[in-house]
Ligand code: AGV
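Coming up is one lone chain in structure tokens, specifically the form predicted on its own.
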Amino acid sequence: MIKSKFIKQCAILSVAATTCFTGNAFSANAAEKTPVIFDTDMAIDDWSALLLLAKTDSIDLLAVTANGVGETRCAPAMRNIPALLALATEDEVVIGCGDAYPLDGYFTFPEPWRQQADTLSGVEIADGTLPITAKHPVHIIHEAIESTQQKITLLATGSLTNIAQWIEHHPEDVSKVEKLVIMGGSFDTHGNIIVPGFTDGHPNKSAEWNIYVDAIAAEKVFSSQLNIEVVGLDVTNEVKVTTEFAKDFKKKAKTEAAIFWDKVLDDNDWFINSGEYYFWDVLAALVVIDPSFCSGEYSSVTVSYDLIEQPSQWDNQNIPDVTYTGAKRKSYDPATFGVLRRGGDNKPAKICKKTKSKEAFSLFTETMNKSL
């Protein structure tokens, strides 16, 4: 039986949902738990991060928000999030989706990656029963902050579009947030935009995908007064998903959540064998659960975004030429868009440099196999 924390009102949505939260859906949190809002683009590593958060006793998962800017689109995300949560928790969680396009620019993830995200890598899973709110993530975040006595922790593992829009609309909320943990960016290692077979010949050697697809949003977030922790490629490179880990996880998988994840690993054995699969978002979730998973340094962070006069071959021309504010959308240099650099006048962020990799995999496996 669902453990209700909410007052419900319902409506029919255009994102393949038949019920929704439209009222004030938040209640007081248990004092011993960390209240969290998870802003996700629902790619492969987001699924495991979502399951991990939902199954962690010390986390009060208030809401899961998405948008169509990252790897998934809103309609499948709004089906997949409740389905995954049904495997991991009996609590109600507010779920909603935002805009379909970045604040500015024309960059998107490769289409095959988006199709994988939309379909949960082809792994079948029953629909969940949690309703979907018609409210934009801007309002979901704001209402959670207004309705909760504790300071909320935000976790963003996709584009920062929703977070940037929330800051624009509710700057008064910033001081009420404990911190924002971001999976994104790269500082002292190469980026991950160039992927053989998908983005061969791309000129950007330094950016990371979550920042790259909406660097304008990232710039707005890093220039805010939020307390920010960055879980970038510098530290996620320490948590590579290996065939040995996959074999060990298969032996231990016993819960519905773990069995689902084992099937995902089976379907992505090619990804594991490529040596390019890491626990990006899982590590960011672990940093929220236990801050000791992030050892790092503080520095101001700036985001590169250079205008160009003509569109590049990397622009997705299916993106509308007008932004959500009604302004004309601009084209940016793909070689520099989304590159993070230390320095500038922004409030210093904590840049994670080291983690406890062995403990990360152990805690993930243990938590995924905990009974409801």
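Sequential numbering from 1, following the sequence displayed. Note that the structure is predicted; figures quoted are calculated from it, not measured.
Absent from the display: the form predicted in complex with the named molecule. The rest refers to it.
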Query raised in the report: Exactly one of V339, A43, L61, L52 has a non-hydrogen atom within 4.5 Å of the named molecule in the predicted complex; which residue is it?
Result: A43
Report summary line: The listed residue (T161, T72, T133, T157) that reaches within 4.5 Å of the named molecule in the predicted complex by any heavy atom is T157
Query raised in the report: So, in the predicted complex, is Y212 in contact with the named molecule at a 4.5 angstroms heavy atom limit?
Result: no
Report task. Mark W113 yes when one of its heavy atoms lies within 4.5 Å of a heavy atom of the named molecule in the predicted complex, and no otherwise. Result -> yes
Query raised in the report: Taking heavy atoms only, is Y106 within 4.5 angstroms of the named molecule in the predicted complex?
Result: no
Requested in this report: Verify the contact flag for A218: yes if a non-hydrogen atom of it lies within 4.5 Å of a non-hydrogen atom of the named molecule in the predicted complex, no if not.
Outcome: no
Report task. Can you check 241-249, 92-100, 201-209, 219-227 and let me know which stretch has heavy atoms within 4.5 Å of the named molecule in the predicted complex? Result -> 201-209
Query raised in the report: Do heavy atoms from each of I141, W166 and Y324 fall within 4.5 Å of the named molecule in the predicted complex?
Result: no
Query - Heavy atom within 4.5 Å of the named molecule in the predicted complex - qualifying residues of 162-197 - result: M183, N192, V195
